[in-house]
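The chain below stands alone, shown as structure tokens; this is the form predicted on its own.
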Amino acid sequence: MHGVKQAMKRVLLVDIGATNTRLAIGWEEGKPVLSGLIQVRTPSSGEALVDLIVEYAGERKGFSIVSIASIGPLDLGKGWILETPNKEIGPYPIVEALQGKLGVPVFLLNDCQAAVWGEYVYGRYRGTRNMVYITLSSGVGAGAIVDGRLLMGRKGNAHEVGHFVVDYKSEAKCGCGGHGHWEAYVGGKNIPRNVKELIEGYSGARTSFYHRLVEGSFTVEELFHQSFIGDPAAKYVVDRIVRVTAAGLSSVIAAYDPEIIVLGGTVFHKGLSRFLNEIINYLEFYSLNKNVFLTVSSYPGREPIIGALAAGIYSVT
């Protein structure tokens, strides 16, 4: 079903996100086990990130490898985090820096590639040979299993679906600087900055939340909650986000031909998941392939770190 199990017991796990970084010690006892899990704000430099990991490692013993799931883009051949659009970390040689300080092998993988590998090894639908994981979080990304193999790409970046163009006429700006990207509409950091475009064309009641939308004085979680309880302006904006998500998923289906798409990430778990049926209905309209199963991730909020464990214990090739 999956790769060759490595001769090791405990793995130091690192999940580097645009907002938060999680660290834990993990091992397998028939299922994934995490110990000492902490979450901190992601440092704003590669050096500070390495210092954080080394400090955590110094308080734990017995691990024989470090496995990192990180936001991208990456250069896996060199072990570098490159210029990440949603957080200023790279370019930075994180693998070399950590190996020099900790004296153990360091494995680096994109966070979404790790997440889909974790679903493939440990998830509810483990062993599904054609599977895509999508994170809807600070940004939008994907990891894909194609014919039972993890899709990597030239430098390990064969997954940047958040930069699919879903509206070539759009002025909505993505964190990478491009316009009309899926991530520009759905990424947690982009929704507030592009809300004026998302609400364009709205002609309904000017509710108190409508004015907060126009002013940009809202959280993404509030937006989904207000839509769920019936605020018409929030419903209009969320419907556009839902439609864009369905359009992006349609492109994912066309690109990877999966049996299953697994959805995760903070934007999804904290709001968009309430509208899963609406996403499925729009997907029927947009997609050529009508037989793809959409499901919620097996480890909500822990997808990349569980994937880092799977990558640390089982080879991905």
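In this text, residue numbers run from 1 along the sequence as written. Remember, it's a predicted structure, so these values are computed and weren't measured experimentally.
There is another form of this protein, the form predicted in complex with a further copy of the same chain, and it is not shown here; the text below is about that form.
K.L.:
Give a yes or no on whether every one of 134, 137 and 212 sits within 4.5 angstroms of a further copy of the same chain in the predicted bound form by heavy atom.
P.N.:
Zero of three within 4.5 Å in the predicted bound form.
K.L.:
Would residue 206 count as touching a further copy of the same chain in the predicted bound form under a 4.5 Å heavy atom rule?
P.N.:
Output for residue 206 is no: heavy atoms all beyond 4.5 Å of a further copy of the same chain.
K.L.:
If you check in the predicted bound form, is residue 256 within 4.5 Å of a further copy of the same chain, heavy atoms only?
P.N.:
Yes, residue 256 is a contact residue.
K.L.:
Test of understanding: in the predicted bound form, would residue 160 fall inside 4.5 Å of a further copy of the same chain by heavy atoms?
P.N.:
Output for residue 160 is yes: heavy atoms within 4.5 Å of a further copy of the same chain.
K.L.:
Verify the contact flag for residue 289: yes if a non-hydrogen atom of it lies within 4.5 Å of a non-hydrogen atom of a further copy of the same chain in the predicted bound form, no if not.
P.N.:
Answer yes; at least one heavy atom of residue 289 falls within 4.5 Å of a further copy of the same chain in the predicted bound form.
K.L.:
Among 225 to 233, 92 to 100, 144 to 152, 114 to 122, mark the stretch whose residues have heavy atoms within 4.5 Å of a further copy of the same chain in the predicted bound form.
P.N.:
Selected stretch: 144 to 152.
K.L.:
I need to confirm a contact call. Of 195, 76, 247, 238, which residue comes within 4.5 Å of a further copy of the same chain in the predicted bound form, counting heavy atoms only?
P.N.:
In short, 247.
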